[in-house]
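Okay, here we've got a single chain as structure tokens, the form predicted alone, with questions on binding and movement later.
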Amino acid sequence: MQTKIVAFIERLQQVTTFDGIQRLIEQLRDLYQVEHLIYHSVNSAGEPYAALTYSLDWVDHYLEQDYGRIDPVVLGCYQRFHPVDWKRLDWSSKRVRNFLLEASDAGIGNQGFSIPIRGPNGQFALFTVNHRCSDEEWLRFTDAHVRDLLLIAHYVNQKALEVERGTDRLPDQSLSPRELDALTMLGMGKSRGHAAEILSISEHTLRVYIESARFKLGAANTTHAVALAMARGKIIV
């Protein structure tokens, strides 16, 4: 992991308030040199929390218009477990296109990459990076940083849950069926390419599941994650 990401995570671990998370989100935006970075969570009681760099005017307008009901990012990510590039979402309806024009006028970039997160007790969160650039530039950016962004997303979500609960102790996070499948394949000695083929997913998606499982287990690497999953009875190979 890059030294700058390690330093960010160390600073995040010292945070004890939501204001502290907000300041670190702003620092993370500057670290990656993107226009916006957003963390948004809804806990099991339906209570929202957000740390973001969008303008407050846009946030207020978004809430007043109840755009969450039509926002392709929210709707698309709620149905997925892996990161989503905004270009792959459905922006075709007239109302959504108008929403997109309003967002652009408010300074929202044309490129976005969102990571859905599912925490304990029904908690759902989104971690999003937003920028204005060409498709080619954005592809290079996401390819270069997807692993770090995935890890940071989960660390930020964990910290937000800790601040909400007023404790640094969180219950073990359960692994999703796909995360269990990925670890099982690796535990059986399958290569990543073969495992992805068996599960009918891309190697990129497989990597996302593995990294997510590794984070939840607190593993140092993939081999450690498989060993922990076996030791805790989560997978049998």
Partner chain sequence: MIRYLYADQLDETPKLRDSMFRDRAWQFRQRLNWQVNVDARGFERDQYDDENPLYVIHQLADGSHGGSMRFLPTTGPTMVNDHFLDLTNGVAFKSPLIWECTRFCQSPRSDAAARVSARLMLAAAELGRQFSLDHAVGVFDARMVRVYRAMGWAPELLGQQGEGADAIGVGLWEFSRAPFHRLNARAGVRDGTAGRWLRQAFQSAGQVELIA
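Residue numbers count along the first chain shown, from 1. Just so we're clear, the structure is a prediction, and the values are computed from it rather than from any experiment.
Below, we turn to the form predicted together with its partner chain, even though it does not appear here.
- Contact between residue 137 and its partner chain in the predicted bound form is not found at the 4.5 Å heavy atom cutoff.
- Residue contact check for residue 100: one or more of its heavy atoms lie within 4.5 Å of its partner chain in the predicted bound form.
- In the predicted bound form, at least one heavy atom of residue 89 sits within 4.5 Å of a heavy atom of its partner chain.
- Although the partner is absent from this view, residue 125 stays clear of its partner chain in the predicted bound form, with no non-hydrogen atom inside 4.5 angstroms.
- Heavy atoms within 4.5 Å of its partner chain in the predicted bound form are found in exactly one of 28-36, 201-209, 62-70, 48-56, that being 201-209.
- Of the residues in 115-148, those that come within 4.5 Å of its partner chain in the predicted bound form through at least one heavy atom are, in sequence order, 118, 132, 135, 146, 147.
- Relative to the displayed conformation, the Cα-Cα distance from residue 71 to residue 205 grows by 3 Å or more in the predicted bound form.
- Annotation: residue 201/residue 142 CA-CA distance longer in the predicted bound form than in the displayed model, change of at least 3 Å.
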